[in-house]
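Read the single chain below, which is given as structure tokens and is the form predicted on its own.
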């Protein structure tokens, strides 16, 4: 993600400019009246020269679009670089604040594309109709499409802009196998407007909804691939109507501290965009709050490596008693293990089912720490976790053996580093499963969670073996992180080729003389120079 764009989104120093739409009583709940007036005044002063104000608060082109904060930031950034718009830092932040709240998206309208806002690597392509994976998804993720709302006339102008800005579009994206321009210029605008319309009931209802106050104490749990589960608490304080400061006291499953803090802006009443530190490393946060302010979910990632990060799930300490997570999520028979029940209001004894004995070691604000013994004859499968009168299913499994593994992700892309660009790593984890015999003799696979394995790489095919991709493409660490080599011609390779590669990533788990093996496909390719907020 371009640092200047992220700095604008999260409230730091940036340079960009432009846009937005109608403000009035209907938007008073989304923005305080003074903030709405200030935003409108900046747009009138600096944007209306090109985007004519056709009615009070209604600007040509601007008022015909709705986007996420990242979407507006990309538009603003283009206005600076292509059209030479110049604003002060305060004006920039005021405009983006105004754009995102007055012409934003409702929570339901962001769900399909959140993976791109959260910078999740190697995410499967969205399943959208009208052949959109071919028409649009060959150049960028379909999240770009799914996070935009506009009428057919604006979709048509966007298509024309694509062809004008990228005249070799049909050749570069391989679209000569279809009548791309004919479809895009005639059929597609109306279809896109039907899928992603400017006006929607969801937005009408949401923009009138008062903002939830996110201040309070929160119970947090999540998973960082390569490092494992974590849990703890977050203290969130409100600094102004749209800004918050958070302090985190977190621990990994092994008890190692994982503390941090962040400063965040809340856009459109539910979109948390934060910058801070976790475990001593700079991070960005892309979270989404529930409509009633009872839950915050999303993903954080390292500032310089968005491919490295963790899931985030936070719930208030107030509310009905509940078990939110169990760490670890699987117990092996014949062992005694430390178990963390993450949750609120957990009172009374703990029961994990036949063949287990749980003892409470300590009670914490985030839940319970237990010592659990599982006897050698305990039945494998999911267990119902009971704490007093609270019951939770499918959060904990008991297993006798790991019957098979799956490497996640099954397909990944890493990029070479070098020069001014850091490499784009690829993080893998091996997920274990045990087979359980159920009713009517049916065997079902029970997910056990991430398992310790031995990691290795192998050539994906004969050509990769011939090129020596295993030797040149990079290194796979034993925490599942693949770190690519440097880019550029390598004199040690045939024809001084680049250090690209086509590899298998192999996870092996050995128990005595038995080995369980799983593979994933990894492409190591060249650097990517343009890193937009929505890839």
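Numbering follows the first chain given and starts at 1. This structure is a prediction, so every number in the text was calculated from the model and none was measured.
One more form of this protein, predicted together with a small molecule, exists but is not displayed; see below.
Figure note: of the listed segments 138 to 146, 305 to 313, 227 to 235, 430 to 438, the one touching the small molecule in the predicted bound form, with heavy atoms no more than 4.5 Å away, is 138 to 146. Comment: the small molecule is not present in this chain, but in the predicted bound form one of 180, 399, 252, 206 has a heavy atom within 4.5 Å of it, namely 180.
The contact with the small molecule in the predicted bound form, taken as any heavy atom within 4.5 Å, belongs to 62 out of 31, 503, 62, 40. Among heavy atoms of residue 165, some come within 4.5 Å of the small molecule in the predicted bound form. Proximity of residue 467 to the small molecule in the predicted bound form: non-hydrogen atoms within 4.5 Å are absent; the residue sits far from the partner. At the 4.5 Å threshold, heavy atoms of residue 72 reach the small molecule in the predicted bound form. Not displayed here, the small molecule is kept clear of residue 331 by more than 4.5 Å at the level of heavy atoms in the predicted bound form. Not one of 341, 350 and 507 places a heavy atom within 4.5 Å of the small molecule in the predicted bound form.
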